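Next up: a single chain in structure tokens, the form predicted alone.
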């Protein structure tokens, strides 16, 4: 690895305006990627990883800060960088060879040169014999190989990968990771550095030299972890496990005082805490598994392996357990609280009562219940609540938060929802209690 910097982000901030509300996607990001480096941008969904890729490649201009490529400001599309997306992004009416040649034609290469270079790359990624096949004839892994070949056809100095393996099945993803690493390590791809976005912790540690860890609300860099392990890396080796465990601990964080954990209500000063996007049944499953562990404690990394769940989703489940007071997090471990033990051991109706008690203390539910109680009928239209949530969340996130509020409220029987009319109203017991 050399010290020749390709990309430098200096105090980069990206803001979005929705109506009168301003949302900060990423804030004050500083990042350098040098020649010879394979860097992974790792973090939960919504932390701005893909936004940074678009900024680096010149597809998006940041609201604040500087973007330099070889110490020169990036103006417009960066001609030295290209992106491989997670959704393949192939033209279905073009053959494999034609898809690869698209980028070369845009660069003005002759037909003979396009043919020569595309066939060479198709062979290099292991698709020799499929030149005339159409995308519909290929497996997911093969389609993504076409995406790699097309990106490498223009010989980019910086190859950006936006979760390139996330749309693949487990075996295809594992195979393609190994093949990409082989090409990179052996100099089989014409690129000087790779910057990969992922939310998969093991994938980041398996492939990258550095793992830049991000957090959200707003998106920011919280750690830069060096992965000083030789290739090929062994998932079960103690050093590999230690680094993965270290990254889990950074992302999971440590349980804070309750007033910090729960945040504030919409319209109030401070951060409105979003509900983690999880299924309640999955949360119950995690808590029941912890109940069987010695001291009701588990290493989060090993728990992910045991439950065979995606690391990003498990971290959302641990966040939910922490938010509800069912567990505490510290140094990469999760431990059931006495309340969590009671919940995990309880029968169905008792669980609902405990869950209702816990979400009543969350500012988001306090806010909604107050609004419902202030109406004569104790009900509100979904669109009214959605409009209020959009003052604190971007539109897509506001929709997701409202769906979660309804799901959690229905499970706890605090809320009811009529999908046909779009009306949200208090559960029968809650409404009766408010009239006493």
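Being a predicted model, the structure only gives us computed values, none of them experimental. Positions refer to the first chain, counted from 1.
Keep in mind that the form predicted in complex with ligand ADP is missing from the display, and what follows is about it.
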Checklist entry - With a 4.5 Å heavy atom cut-off, would you call residue 10 a contact of ligand ADP in the model of the complex? => result no
Checklist entry - Could you tell me if residue 45 has a non-hydrogen atom within 4.5 Å of ligand ADP in the model of the complex? => result yes
Item to check | Touches ligand ADP in the model of the complex: residue 23 (any heavy atom, 4.5 Å) | outcome: yes
Item to check | Partner contact for residue 50 in the model of the complex: ligand ADP, 4.5 angstroms, heavy atom | outcome: yes
Checklist entry - in the model of the complex, which of the listed residues (70, 379, 54, 410) lies with a heavy atom within 4.5 Å of ligand ADP? => result 54
Checklist entry - Where does ligand ADP sit in the model of the complex: which of 380-388, 37-45, 397-405, 365-373, heavy atoms within 4.5 Å? => result 37-45
